[in-house]
Structure formats: structure tokens, C-alpha cells
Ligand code: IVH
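Here we start with a single chain on its own, the form predicted on its own, put down as C-alpha cells.
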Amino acid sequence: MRDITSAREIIAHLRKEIEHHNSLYYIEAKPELSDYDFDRLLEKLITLERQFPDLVTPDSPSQRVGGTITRVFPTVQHREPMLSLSNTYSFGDLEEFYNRLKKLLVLEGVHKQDMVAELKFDGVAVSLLYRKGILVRGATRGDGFQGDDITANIKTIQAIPLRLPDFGNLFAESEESEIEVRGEVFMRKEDFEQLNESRPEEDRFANPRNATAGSLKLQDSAEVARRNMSFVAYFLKGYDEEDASQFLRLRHLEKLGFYTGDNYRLCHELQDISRFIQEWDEKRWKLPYETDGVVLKLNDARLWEKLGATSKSPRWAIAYKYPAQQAKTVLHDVVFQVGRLGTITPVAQLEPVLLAGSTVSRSTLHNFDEIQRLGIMVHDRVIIEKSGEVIPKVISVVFDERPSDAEAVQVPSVCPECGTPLEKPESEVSSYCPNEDECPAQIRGRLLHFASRDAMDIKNLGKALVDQLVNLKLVKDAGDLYLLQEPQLERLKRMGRQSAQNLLRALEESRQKSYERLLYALGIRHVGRATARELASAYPSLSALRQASEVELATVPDIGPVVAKSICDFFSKPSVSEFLEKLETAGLPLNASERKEQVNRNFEGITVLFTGGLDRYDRQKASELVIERGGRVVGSVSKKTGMVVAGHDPGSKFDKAVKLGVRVVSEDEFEAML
């Protein structure tokens, strides 16, 4: 197409249609198009804009796909402080707040105390700035006075309008001024579960809020776009009707195309607030997102400035947070699952009990140490809890109610999947199934690990499909994936032609991944991402690695004799030789590519370990930044570790680093060192 006039008309039509379907999906929760059909619409728009780059505008839906790499987020000043709310878990404290506010209002000569009750979304607060109806800036809360400019990442969130559709009608007289919208970026439960499924087990997020916080600070906005986050608006400022009530402001936000949570309510009395809190204590668990409380704001926004704030919180608002949900139930049995390395993991089978809006009948017990720590026995009464976590957990045993028929948890003697006698190394707490080549559970686990995001990143290869491929004996190892044909896949349940083509395309793309990723994807016991990186550096070809002896491997940094033996044992298996031949035939990367040029020497000679969740980088990107500066990344702490970078919820590695006197730095300090 060469006619720019026709292109302009088609582009305008496509943009309008795409934003219409965005609104249906993210705001109204009534999608009319499949993901595939929506992606095709977007592809048409992007193709046309590539042909006519002069027609690309900042508010085009094509600008949401990301692609910007941000090395440093600039700091921006908030127009007004973004204060955090004071919060309470007690309705008594809430009543005190209500009565205290009433007294303050009387001093101002006000005797009407309407409050707006809004559900408190468990997300990350951000500020959006619009100029002439166009989004020009998105920023984090930061310290309340200044935050990070994350505009490129904000633009990838489909629920945030790039252009305010009704701006001219609502704010015609102040079109030159800026409009500020504040709200929470959050992740729906379904999107969070899909994100975690795509990540290795050891690198999964604890809850949707952690996933959201980490995603917003990623340096690559294309990766942010893939995280599929959402946004709820609760604040509007910068227009003619500054005296408008909070309730009316929420209505204005809806007219501007924002999602406001749907369930806010105007409360005239304390009893109305109590009813709202009690109502949503049960109903919230059926929502598609996490909410951990209720926010109460004085409806008359004209009084906000007069009432003022403490150093941290406004005096006209408060957050009531629901206490953690707990339930008592009976442990009927402990069953055992088999992992990709043959590890046997205990799972509690519980008397079904309603907890946090859903019926819970299973909970992982993690390992045999956890069973010993809890002192748990079959038939015990146990307490389970859900507090912002997707999966409930057993937190304690009610020893006073232990029944007379309580039985100790017995470690199984044979594999629950294939019946092979189990083995238990003396130095470990777990038992293992040694039937690596034939145990269906191990085959499935290895395939899912091979396809995971940090390994070969084979999209569309989920658990349900892997189960079918293994059960029908179409695939025995990851090498067989590259022999699959479209007709075979089309005959599987829930596949069809398009799904089959998507999987084959993802397999084709995986051939372009790095040699380092392939080493991790092989699933060698004790070889995580950091160890795979060291192996790729020491042995830049798979043939060289296979020929290395235990003594030679043990000299590689972060390896040691245990890992060296595990590597040699892996490559000595006849089935592995056959597996690697398939990978070579499929054209996968069995050699390292040329090394990247070193950026600087700021980490020269320093071994770095990352623990906990980072806000600005994912673990892989942070590791690459260290390596590009001459450093090494390790997976375990020792006295030789040069530095530990601790994010939020750092865990046992942090404790060990402190005990050993290893230098511990924050993410901010780490970033400054780059």
C-alpha cells in the first residue's frame, strides 16, 4: 500500500478497534476477541506503521509492545507528595479514626461525614501525568516526594489509556493544563499464575504484588509487556472541578477510560462502613485479583487540604486491612510427588475446608525437614493459612487435639509413579526414584524444565500438553520435541492447526537460544543458571565439556567435587548420548557464541550472589550486568563470596552471608556500582 491517505484512514480505524477491545478486556471484563485475533489486529497496525513511520503517534496501541532498554530510571519530582495511608487490622481502631475525623470536621464547621469505601488493591502505587489528554509520564511512588520515571514500562499496560478519550468533553476549559491520575498497578491471579508457570521453580514470585513490583522495574519494556499487568485508578487532580467529591472523581475516571475497581460505595454512617467491610471479607476471594483490605476516604475533597497530613499519612483517609485467613482442618494423609530429578516431595491431603473463598484440600509440605519441624502426623488437626499467597500452607499442628490414632508420616519405599524401589542418600533428607529413563513423572518434569523461561523458553508448551505427549509416548526427552510434526499435534486434545503452528514456531525460535541456556536446560543435578554460566565460560563447546574429568571440572569456579561428579555422571549415561545427538541434529547451540565486549572493570575479580527479589532487574539481567563488568555470579554463599546483593525477602542465603561476614549490599548500592 503506497497511498498515505488510505493508510491514515486504515490506521485510525485499527487503533480505534484495538482500543475498543482493550477496554472490553481490561475495563469491562467482557472480551469479544480471542487472544489470537487480537494479536492479528495489532500485527496489521504495526505492519502499516512500519510502512508509514510518519503516521506513528505516541498514543498508538503499537507503542505498548515495548522494546525500550532503560539502563537508569530518571528521578522525577511529584507535583504533590504521594503519601502512604495509615492502616489498621482492628475495627476498633477504625472507629477511633472515624470519631477523630468527626471532631476535626466539627472544628471546620462541617457536620456531614460521608466516606467513600474502596477495595484496597494489593499492587504498586504509580502516578500518571497527562498533557492535553496524552500520557507523558508514569512514575513510581518512590519516597513519596520523588520517584522513578518508568514511562516506557507504564505504556505497555493495556488498561492505562495512552490518550484520554473523553478529555475534551470533561476538561475543555483547561486543555492546556496537566491532569494527574494515581492508582495501583496490579496483576490478576490468572496472569500471575501463568507468569510463575513460565519460570523455574526456584525463581518464582511469592505473590502477585512481588511480581508486579519486580516487573515495573525491569530494564526491558518488551519483557514488561509480556507480564500482562493491569491498573486501577483512584485519584484524579488538575481540572476545573477541584471541589468535586471523591465519589464524583471516580465517576470522571471511568468516563476517561480507567478501571476504578467497580465496587466502591458511598457510606453515610459508620454502620455502612462496617457492612461494606464484612460483605467484602467473604466476597473478595471470588475476585480475579488480590485485595487485602478496604480504603476509606472523606468524600468531600475540598476538605483534604485543610485537614492536612502527618509526616507520612493524610488525616482524611485510612486503610483497613483484613487479617490473615486461617482455618483448622484434618490431615488425612500425606502423598508423595515425583520431581524431574526423581526427588520425592510430600503433599498434605486435607479434609476440604473453605479458606479465603476457595475450598482447600491439598498443601505442599515442602520436604521431610518441614514435616519434622512441624511435628506433623497423619490424622492431626492442623492450622492452614492464606495471607496474600496463592497457595495455602500448613503453619502449625494443634497438639492439644491430637487424636489417639495419629500415625507418623512414612517415607515410601517405591516410586508412586513407576513402582521402582526408592533410594535415599545418607547426606540428604529426601528419597529419590532412580528410574530416570522410564519414570513418567521425571520425563514430564525434565520437559517442562527444558521449556521454561530461563532455559529454552518454549512458549505454548505447558503441563497439559506435556502430559499428552508423554502419555501417548510421542516424546521421551526434549530432543523428541524437534521431531514433532503438525499433523501429530493437531490430533491432540485442545490443539488444532493454529495451536500446533504456534508450538512449532516456538520450537524453531528456541534453536536460536544461547549455549549457556542449553546447559541449564539439560537439567543436570546441581547445575543452576549460575553454574551453567561458569561451565559455558570454562568449556565453550559441549564436546569439550563432555570430555572433562571430575578433577578438571572441580577447578572451575562455583563447581567443586559434588557438582563435578554430578556432571560426569550425567554425561556417562547412554540415554544422554542419544539425547544430545537429537539436539545436535535439531540444530541447537552446542557451542558458545562470541563473548560480549566488557563494559568496564567495576566488578573485576568479585564474586556476586543475588538473593531475594530485585525491583529493577530480573535475576538473569542482573547477572549479565556483573559479568559484563568483569565479575562472576555464584549460586551459593561461602567465605570466598565477595558480595551478596539482597533484595526483598532474601531468605537463608542472606542469613548465612551475615554469619560469615560477607559484604551485603542493597539493590541501590549494587546499581551505583555498575
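Owing to the predicted nature of the structure, the values given are computational and were not obtained by experimental measurement. Sequential numbering from 1, following the sequence displayed.
Same protein, other form: the form predicted in complex with this ligand, not shown, and the subject of what follows.
For the residues Gly133, Pro314, Gly214, Gly528, the 4.5 Å heavy atom test against this ligand in the predicted complex is passed only by Pro314. Contact annotation: of the candidates Phe121, Phe450, Phe231, Phe192, the single residue with a non-hydrogen atom within 4.5 angstroms of this ligand in the predicted complex is Phe121. This ligand is not drawn, but in the predicted complex it has a heavy atom within 4.5 Å of Leu83. Among residues of the shown chain, Arg533 is not one whose heavy atoms approach this ligand to within 4.5 Å in the predicted complex. Proximity of Arg249 to this ligand in the predicted complex: non-hydrogen atoms within 4.5 Å are absent; the residue sits far from the partner. Val295 belongs to the set of residues with a heavy atom inside 4.5 Å of this ligand in the predicted complex. With this ligand left out of view, the stretch that reaches within 4.5 Å of it through heavy atoms in the predicted complex is, among 541 to 549, 113 to 121, 142 to 150, 99 to 107, 113 to 121. For the partner-free chain shown, just Glu184 of 178 to 195 comes within 4.5 angstroms of this ligand in the predicted complex, judged by any non-hydrogen atom.
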